[in-house]
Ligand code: ADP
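We begin with a single chain expressed as structure tokens, specifically the form predicted alone.
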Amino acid sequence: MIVQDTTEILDRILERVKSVDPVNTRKWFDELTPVSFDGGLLQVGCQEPSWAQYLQDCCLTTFTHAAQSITGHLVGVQFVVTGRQEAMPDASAARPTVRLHPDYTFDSFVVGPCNRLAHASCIAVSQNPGMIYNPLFLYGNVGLGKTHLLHAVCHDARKQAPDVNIRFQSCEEFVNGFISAIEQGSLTEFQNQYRSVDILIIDDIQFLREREQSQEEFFHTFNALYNNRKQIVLTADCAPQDLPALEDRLISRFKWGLVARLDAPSYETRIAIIKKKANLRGLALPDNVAELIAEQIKTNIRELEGALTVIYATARAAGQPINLELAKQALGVQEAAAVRSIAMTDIVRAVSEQFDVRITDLQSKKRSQSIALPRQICMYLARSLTRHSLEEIGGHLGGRDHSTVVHSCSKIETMYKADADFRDRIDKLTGWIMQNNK
């Protein structure tokens, strides 16, 4: 029986934690409950195992200090899963195989043109593992949501089947485990651990390159799971065919199922992501602040979250509410460097002049190389210089869909990196557009 005093103590502890550590605070903290307070140990109940693990990893010290400050005694804090009375292990105990972040669920993932296929395929895999897209191969640059989707697959698969056997590791962990198994003469045990799972998730598979024995082991592990209709999910920073120093037979198998790419989010998607991140922390973020962050950071979701954290910390240090002026100060935004309003028409006109093609041809269905390349450059520049979505950019240039815009941007980016003369031409064109739109 929990006495009212214990409930009040936990309420006061939560208030202190939210004040001291707003970055790690989450909305679901309000759903934590006191389980027992006996012998100097306060047990805090969590509805989900991932909540308890998150609190253990990120908040144990803060909760402990808050409990000791409020009670005036040397109190310990333990997090348990409500209804199971399972305490999370301390830092010295063996770590569980799958450690899921409570923020990384499908509900908290913002879907846009940049990630719609990856999101939909992950949902399908989590609900019917091994039966639809196998393997599922996700690729994209750092900070675009690959890890979020992997955690979401695990969360959802466990809801569908609580006893599902999931092994979720980085490629580096797989390789190190394989090497250790050889050294210790426990290779059979290692193989059984990986080949007896229902879902195998390997993050950053590109690090398998130049490791011949590890590639051989993974090849056989892949075959064993695939033949038993067990789900395989892989991520990398590039498409399978672009993975360096990887055996052709592995690359071929990576392409057996579905390959889905994640791209940088559009302006509208970035705003939605920022608002979602703020909501997870229980923060009411003004719309103009979300728009400011989205304008300043255009490629990486982790950087968006980092900017939100900086604004948090600045507001707390200044003892002020979050507003546009405080956000500008926190992010170092200068008024003189305000975002310029560049329109699609400005970009099309500039490209038309520089490449000596008619605007009507750029906006037509014509596909000749003399028109296609300038049109692709228009898409590339619009993606980086305007707030338009992929659909809007494609619509302005002959009614093309977002996948065409993604392909065009990727092609121009590759040419930009590989060809110094082309890079110089694009840089000058970009500067000219910005100079004429001050």
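Only the largest set of C-alpha atoms that superpose within 1.5 Å between the two forms is called the rigid core. The numbering used is simple: start at 1 and walk along the sequence shown. The structure displayed is predicted, hence computed values, not measured ones.
What follows is about the form predicted together with ligand ADP, which we do not show.
Although the partner is absent here, E247 is not a contact residue: none of its heavy atoms lies within 4.5 angstroms of ligand ADP in the model of the complex.
Contact annotation for L208: none of its heavy atoms lies within 4.5 Å of ligand ADP in the model of the complex. A residue is said to contact a partner when one of its heavy atoms sits within 4.5 Å of a partner heavy atom; E305 meets this definition for ligand ADP in the model of the complex. Taking the partner from the other structure, ligand ADP in the model of the complex has no heavy atom within 4.5 Å of any heavy atom of Y312. Between 73 to 81, 104 to 112, 319 to 327, 355 to 363, the stretch whose residues reach within 4.5 angstroms of ligand ADP in the model of the complex through a non-hydrogen atom is 104 to 112. Only one of G257, G177, G130, G143 comes within 4.5 Å of ligand ADP in the model of the complex through a heavy atom, and that residue is G143. Think of it this way: in the model of the complex, ligand ADP has a heavy atom of just one of V125, I202, I301, L292 within 4.5 Å, and the residue is I301. Contact annotation for 253 to 283: residues with any non-hydrogen atom within 4.5 angstroms of ligand ADP in the model of the complex are I273, K277, listed in sequence order. The two forms, fitted on the rigid core, differ between the shown form and the other one by 2 Å or more at the CA of V406.
Taking the rigid core as fixed, one finds a CA shift for R12 smaller than 2 Å between the shown form and the other one.
Cα of K417 to Cα of S266: at least 3 Å longer in the model of the complex than in the shown structure. Compared with the form shown here, the Cα atoms of E413 and D248 move at least 3 Å farther apart in the model of the complex.
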